[in-house]
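We begin with a single chain expressed as structure tokens, specifically the form predicted alone.
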């Protein structure tokens, strides 16, 4: 006798379907998410320590790591491809996990499970019983109407001669998880945008009445119109202020001012007052009248061997074939006065030119002391000390992801507010027949949720008043129920 085979042929999936399924599972994997977050935390740690002395301390303790530490200081982690890549992967993972959960959440909202068990009601942390002389059908209808009057949605279903009841309130608050997850994605996207198109200039030095280009593809230049400061009695600066004009293609586009705690904003670019110092306005020309320099030079960025305590500046003039050094008077004459070989007075500066390149017109360094408003001939150059000025140091940051961060913050706070202030409250119950009529046993889904327990106890008391019945509350304290 022939035996029929019950084995059905298994359909083989196409290769693209297998690939998509593997990728989808990877982005939904909890293990992969843990690894991704760990990598992100490591990159953030590396980028944060880059601005500290920790890497140098490692190099000092382990000289073999010196080349690695140099690369560490040179690597801008937050603008690197690995950092942008891990943010992108996390964004995709959050998006796919959210999409993966959406059908289940919507089904739970629209089509919840109505039936429950006596074991759930018996073991609930808090429950309530109502005894009525009405038959189960009538009592279930009265109970449902009373619960709906409190703003709940109710559903009933008959099973094994009993009526199962389900009630919930603020069910759509479960959708708040989606703006919350969208906010996380937007935060990561804002980080990617900031990495790709943002910048940070830590020291943009602009002397008074001078213009300096900002760079970074902005096409902007900064002109310092005026600098002012107020000092305390001990000589330390109390407030210092910079009035600036932003130029684009030589035309003013914005004018404003800033102090230390009050930055100036232009579009998505923020200017911070970081420091200030002394500058010298001077003009350098040769015997033929060619002008090589007519601007202000910041002082204090260098130290001179002629006086280590005095602010100094340096500039190379390749067309003139010389390098110029400028030294100001000693700022602390009482400190090691023997090192001050120049003995400059207030209003005086020391200028020195050195040979620069093989075609330099001079063979040896030449120097001279000049008072403000005077000129001096050094080699074939005429140097004019026009006046003393100030310079400002600005930190400039641009983060085009900031609007995204603000939108994400609104979604994040909104989602959390809905979740905490309008939580999804659910109540399950069974209405059973008794010799005297019927009994309803209700309990909330409130495992380790004190707030939900309190709301249910209040609901039970209000139902008792409306139905003119005495609710019997049971609170399980460990394994011993308390009435």
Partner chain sequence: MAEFEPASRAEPPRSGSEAAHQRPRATSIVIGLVVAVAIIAAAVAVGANSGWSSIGHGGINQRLLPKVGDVAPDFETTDVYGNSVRLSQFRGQPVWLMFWGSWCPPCRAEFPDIQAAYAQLEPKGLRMLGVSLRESPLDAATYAARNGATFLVLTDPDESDTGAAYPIYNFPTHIFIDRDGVIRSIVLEDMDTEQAVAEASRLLDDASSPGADAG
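Numbering follows the first chain given and starts at 1. Predicted, not measured: the structure shown is a model, and the values here were computed from it.
Omitted here: the form predicted together with the partner chain. The next part is about that form.
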Counting only heavy atoms and a 4.5 Å cutoff, which of 140-148, 158-166, 225-233, 110-118 contacts the partner chain in the predicted complex? 225-233
Would residue 423 show up as a contact with the partner chain in the predicted complex if we use heavy atoms at 4.5 Å? yes
Does residue 331 reach the partner chain in the predicted complex, with heavy atoms at most 4.5 Å apart? yes
When the contact criterion is heavy atoms within 4.5 Å, does residue 347 count as touching the partner chain in the predicted complex? yes
Within 4.5 Å, heavy atoms only: does residue 475 come near the partner chain in the predicted complex? yes
Just give me the single entry in 341, 123, 371, 303 that has a non-hydrogen atom within 4.5 angstroms of the partner chain in the predicted complex. 371
Sequence-ordered residues of 359-391 touching the partner chain in the predicted complex, heavy atom within 4.5 Å: 371, 372, 374, 387, 388, 389, 390
